[in-house]
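Only one chain is shown below, in structure tokens, and it's the form predicted alone.
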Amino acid sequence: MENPCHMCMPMGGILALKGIEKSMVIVHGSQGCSTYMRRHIAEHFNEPVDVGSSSLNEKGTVYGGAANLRTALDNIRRVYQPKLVGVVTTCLAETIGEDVARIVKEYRQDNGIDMPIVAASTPGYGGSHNEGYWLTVRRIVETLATTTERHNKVNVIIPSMSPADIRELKRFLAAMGLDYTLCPDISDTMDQPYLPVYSKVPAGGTPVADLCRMSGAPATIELGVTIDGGVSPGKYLEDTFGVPLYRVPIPIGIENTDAFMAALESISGKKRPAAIELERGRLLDAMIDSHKYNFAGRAAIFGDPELVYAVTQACLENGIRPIVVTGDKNGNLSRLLPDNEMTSETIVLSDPDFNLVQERAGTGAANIAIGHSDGRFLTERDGIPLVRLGFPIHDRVGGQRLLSVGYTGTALFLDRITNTLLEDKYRDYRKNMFNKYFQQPKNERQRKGVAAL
């Protein structure tokens, strides 16, 4: 694949593990892999990102990397004193057939430690960062959740989202009077306030004790409709511990946010507060205000399948026609999209690269792109303006502060789209209108012709 639309699988694993309280990550592979991922994540969140490495070299590649991984675990425990360590693998470790789960099990037994160590098999060639993210969240839940007494904390399984979006979800949960366990929660760990003293392990994240008790929750809300049951953490909790599962899309757009709120109302037995109903009304008003501009939008939408699905739904609600969207290998996103006049031109690409997205965007006369920073080539090559959303955003600041979920977040997101369309329309508007309707005669004969008339 020449120019992929996604990052590699272990990077998603790191993102998930960064949402666990006092956790550290070891990338079992070469030093360069961890450096590349650390830089990419740090650029998006504008935060220091510590990631360990087993530093596999030629010797480890030939004779096995168990000794390197054991040394890395020793060093991570000594320097960071974490409550949890996650081990994700790279292409190299998987290619030489490292049995990381066995190495981790033997390490814990040999050292007599109770600290949980989560092992996730995430070869870079095995899938995208989105697949690595969901697989790692599933491994976290499988490793930690144990049979416990029933309690009142609702599980909320979070896809890759901005810290600002996660804080908005917390606001909704608090407004409905629900106690909760978010898994994972990067709202603080990856968006820290300024502190005079540097902390090696930032505060925040999902407490390990809460993860252990997810099995006793009254329900699980999983913001994931495109993932298969085999990697769904909520499905694991339902099948293993009988925790009822609500699977809803990321709450972007009216319908998706309504579905999220309906789940909260069903679990809590309460109606939404009047203040949230007012926010819904303001979003409807914003959609009426902007529809007269957005109906001209023809969008290329790319990124994580969960986000692409939610954004596509929001675009359809506001009259923006999705021309090309990037889907997933399992084809779930394609099956979920409505089949109607608005989607009659939509092409869903399974596991594409940007060259194909560019080709289909040009064929479909797309005039706006929505996705992460790597889609900036659509602007540079074809002049299609890009509304940045998702991960990674590394050519702008503030990716961690983008608010796009809920009724208020959707209104802000639609404003970004509308203003981008308007800016593109009026960039040469006066010049184009002048040339079209008031073009002067080009030579004397033409001027005489005009005079004779």
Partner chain sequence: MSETTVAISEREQFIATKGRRKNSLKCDADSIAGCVSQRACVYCGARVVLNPVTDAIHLVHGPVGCASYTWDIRGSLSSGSELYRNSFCTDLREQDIIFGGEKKLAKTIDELVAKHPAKLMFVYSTCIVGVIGDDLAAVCKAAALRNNLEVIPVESSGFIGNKSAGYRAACEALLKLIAPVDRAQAAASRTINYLGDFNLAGEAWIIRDYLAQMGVQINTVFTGDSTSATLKGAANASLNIVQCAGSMNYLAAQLQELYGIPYMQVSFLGIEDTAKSLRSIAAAMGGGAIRAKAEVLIRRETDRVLPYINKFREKFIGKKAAVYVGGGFKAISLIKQFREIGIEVVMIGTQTGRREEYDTIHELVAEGTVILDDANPAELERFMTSQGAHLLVGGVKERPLAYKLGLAFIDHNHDRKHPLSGYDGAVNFAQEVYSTLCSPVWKYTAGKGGG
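Everything quoted here is computed from the prediction, not taken from an experiment. Residue numbers count along the first chain shown, from 1.
The protein also exists as the form predicted together with its partner chain; that form is not presented, and the subsequent description refers to it.
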Checklist entry - How about T418: is it within 4.5 Å of its partner chain in the model of the complex, going by heavy atoms? => result no
Checklist entry - Is the gap between L178 and its partner chain in the model of the complex 4.5 Å or less for some heavy atom pair? => result no
Checklist entry - Does at least one non-hydrogen atom of S55 fall within 4.5 angstroms of its partner chain in the model of the complex? => result yes
Item to check | Contact flag, P218 vs its partner chain in the model of the complex, heavy atom cut 4.5 Å | outcome: no
Next on the checklist: Within 4.5 Å, heavy atoms only, which of Q192, S334, N330, T346 is in contact with its partner chain in the model of the complex?
Outcome noted: Q192
Next on the checklist: So if I measure heavy atom distances to its partner chain in the model of the complex, which of the stretches 403-411, 420-428, 30-38, 382-390 falls within 4.5 Å?
Outcome noted: 30-38
Item to check | its partner chain in the model of the complex: contacted by all of M11, E47 and Y125, heavy atom 4.5 Å | outcome: yes
Next on the checklist: Need the contact residues for 78-94: heavy atom within 4.5 Å of its partner chain in the model of the complex, sequence order, or none if there are none.
Outcome noted: R78, V79, Y80, C91, L92
